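Given next, in structure tokens, is a single chain: the form predicted on its own.
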Amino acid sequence: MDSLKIICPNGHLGFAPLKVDSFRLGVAANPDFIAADSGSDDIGPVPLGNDTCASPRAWQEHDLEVMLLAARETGKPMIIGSAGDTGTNSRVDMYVEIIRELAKKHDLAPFKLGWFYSEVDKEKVRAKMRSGSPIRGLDARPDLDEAELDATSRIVAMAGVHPFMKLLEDGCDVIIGGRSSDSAIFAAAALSKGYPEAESYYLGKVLECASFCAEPYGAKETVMGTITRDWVEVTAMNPAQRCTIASVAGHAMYERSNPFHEYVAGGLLDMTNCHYEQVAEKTTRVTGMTFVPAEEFRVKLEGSGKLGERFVGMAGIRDPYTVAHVDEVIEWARTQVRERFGDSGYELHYNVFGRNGIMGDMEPLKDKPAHELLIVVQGVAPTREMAEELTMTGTRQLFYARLPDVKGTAGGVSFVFDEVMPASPGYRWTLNHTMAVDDPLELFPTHSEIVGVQVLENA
């Protein structure tokens, strides 16, 4: 093939439903693959640790149905990575079952469905550590120790291109992946057809977030990537969007400490010398990327550990004097909590929206609060009962805070709700590390089956 085309309709499948009109334009352009990423650690550690989704199942079913029907109608492979937000085994199983149900619902002719898992047993990690193979920390984290491993509830490994390529080689028409490197989902398709590593990984990098590489901003719109042995082009499918030099180069630098480097299992995509050229109104061409193979094959591990049960309270402040003394109000509430629960065994967090609720101490205007504030209180404790009382105390005592010069008894705080609300349990990231493996497929077992109405009827 002189060139290969892939369309991506959604940068995080199911996080918000894809836009059907631009997707249909992408399908009409006759792509060779339809692919999308379905996960991210941007959603925080709760879904991984709790083994849940961050998005409604209905939205995920919507995107899978739109993509599956187009893929089977055109006969082009469909690839999904990081199923169900986190790529845990249960989320892969959920997506596999959705595909089976959709095949039955639409009386689809038989096709080959493949999938792979990404969860890693803690004891496998422990055995690696004890054998003398360290689990190296990323982003200034120390190497993993057994205490932090014991505090971990669930671990997923981040797959590279290898399990996707294995399933493509096995002739799978639809692939559901466990936790995956975003770019690997697309790069695997190109590599399976013989395209160079550098161009293939750049194709994945530019497509992973769909229309985030286009302007003006418009999420969940389809973009198309085209690869040859010499360059990569990306084209916006939405009539109102364009892929420009600025939008594509900007996205290439998105979400990384070094704007020119993208690490994947097995190597590094180096974008330092990339050249961007506007070759059509809606299309940018990229050349100059290189790929540097790794000396040791290491796989990223993500792990989440449970802190406890969690409740949330909300309190509003409009009184100017109370706004000016909000830190004293919060400290009063904290003191009442300490008198009731002691100094440890729980977590109590206050976010003051209207002052520095988003950026915390990095907020440059935190000494200039708004005329009204919202305090969000989060209490985390070993049991639901303790978490509820902890959060209730930390919220209601804001009302009773004793401030100098206050003569009234009505309090300077109002409550959005009189009660506090149950929330998802509290989790924290425990693993952001890499582990050496001898085989790129070692952590990613693959499976496949034939599905479709005729198969079901003959079963």
Partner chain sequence: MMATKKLSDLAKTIRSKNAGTDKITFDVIFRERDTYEMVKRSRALTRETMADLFKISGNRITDFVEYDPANAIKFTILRDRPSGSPGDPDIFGAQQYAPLLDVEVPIEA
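The structure displayed is predicted, hence computed values, not measured ones. Positions refer to the first chain, counted from 1.
There is another form of the same protein, the form predicted together with its partner chain; it is not shown, and what comes next is about it.
Student: Can you check whether Tyr195 is within 4.5 Å of its partner chain in the predicted complex, heavy atom basis?
Tutor: No, Tyr195 stays farther than 4.5 Å from its partner chain in the predicted complex.
Student: Is Arg310 close enough to its partner chain in the predicted complex to count, meaning some heavy atom within 4.5 Å?
Tutor: Arg310: yes, in contact with its partner chain in the predicted complex.
Student: Is the gap between Ser257 and its partner chain in the predicted complex 4.5 Å or less for some heavy atom pair?
Tutor: Judged by the heavy-atom cut-off of 4.5 Å, Ser257 is in contact with its partner chain in the predicted complex.
Student: Closest heavy atom of Ser133 to its partner chain in the predicted complex, within 4.5 Å or not?
Tutor: No, no contact at 4.5 Å.
Student: If the criterion is a non-hydrogen atom within 4.5 angstroms, does every one of Asn10, Ala109 and Met165 touch its partner chain in the predicted complex?
Tutor: Not one of the three qualifies.
Student: Could you tell me which of 323-331, 360-368, 72-80, 186-194 sits within 4.5 Å of its partner chain in the predicted complex, going by non-hydrogen atoms?
Tutor: So the stretch in question is 360-368.
Student: Just give me the single entry in Ala127, Ala240, Ala246, Val292 that has a non-hydrogen atom within 4.5 angstroms of its partner chain in the predicted complex.
Tutor: That would be Ala246.
Student: Looking at Val337, Cys172, Val299, Ala252, which has any heavy atom no more than 4.5 Å from its partner chain in the predicted complex?
Tutor: Only one listed residue qualifies here, and that residue is Ala252.
Student: Of 422-438, which residues get within 4.5 Å of its partner chain in the predicted complex if you count heavy atoms?
Tutor: Result: Gly426, Tyr427, Arg428, Trp429, Asn432.
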